[in-house]
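To begin, one chain is listed below as structure tokens, in the form predicted alone.
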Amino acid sequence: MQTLRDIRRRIRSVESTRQIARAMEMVSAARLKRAQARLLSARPYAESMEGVVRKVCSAGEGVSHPFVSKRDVEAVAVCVIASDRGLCGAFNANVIRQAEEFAAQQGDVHVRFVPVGKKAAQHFGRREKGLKPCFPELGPFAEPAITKALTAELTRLYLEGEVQEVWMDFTHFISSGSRRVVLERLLPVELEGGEGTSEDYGYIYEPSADMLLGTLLPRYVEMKVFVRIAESCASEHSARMVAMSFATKNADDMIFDLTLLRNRARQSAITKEIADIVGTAEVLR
């Protein structure tokens, strides 16, 4: 049976853990607000750029660009976007599980993982030594420098023929309490425009639509990568905030139970002392 001293020591330990969890919850909430603002400001631009690229693609006849040309698939690259830190529930485990399930379904097609974030780099690094390209430091927010470096590596793998498809495995941010893992193809780009033509949209292209696509497509791919990283960062802070909120609540419940146990132990000790005093007094009569 636990002594009163042991119970008090456990209460102090749980209180210390609760303070840490509560502090992490507040930090995650502040970072979520910033990450969400960055994501919401990037989404409209990305959607507008996609619409423009689709319209330009529909205006071009027989568009030819490496980013839209389909090839026989012998190898694919999967960019797995996780986090640098843990304590965010099943956030990292869900993303990694989705990537491994996708790899298991490819059959003879070779799957090459491109981990982004320390947790993904550690997981896939244990399976393949010297994994390259690898981005073990993502940071708390989507940064243009990381986006440019990651996009350059993914497009290099695709253009040099090392892989014939590039996929993005990330967590789509829905709200502060809702998110889901998504696996989508980045390259080759699917740009089936609508049935309209350039005249329907009222656009006049100068230079030609093909030349415009040569400039727009690399920027479109880079913007898409940036939005996916922003989605993942916002989802990470949301998951950590929720996880630390549950940890704080569980700590409160544990402190409440331990306080009751301490009071019972104290009452039992006092009752025992009274009984000893009464017994001693009876003996001395």
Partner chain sequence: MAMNPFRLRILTLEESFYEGDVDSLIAPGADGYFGVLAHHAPMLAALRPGKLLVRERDSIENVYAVSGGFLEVSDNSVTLLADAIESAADIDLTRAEQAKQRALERISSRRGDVDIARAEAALTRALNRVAVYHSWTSG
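Just so we're clear, the structure is a prediction, and the values are computed from it rather than from any experiment. Residue numbers count along the first chain shown, from 1.
The protein also exists as the form predicted in complex with the partner chain; that form is not presented, and the subsequent description refers to it.
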Would you mind picking the one in M223, A243, A251, A29 that has a heavy atom within 4.5 Å of the partner chain in the model of the complex?
-> M223
Stretch in contact, per heavy atom within 4.5 angstroms of the partner chain in the model of the complex, of 64-72, 253-261, 36-44, 233-241 = 36-44
Does the partner chain get within 4.5 angstroms of any non-hydrogen atom of V111 in the model of the complex?
-> no
Quick one: does C134 come within 4.5 Å of the partner chain in the model of the complex, counting heavy atoms only?
-> no
Hey, in the model of the complex, is E160 touching the partner chain, heavy atoms inside 4.5 Å?
-> no
With the partner left out of view, is T215 within 4.5 angstroms of the partner chain in the model of the complex by any non-hydrogen atom?
-> yes
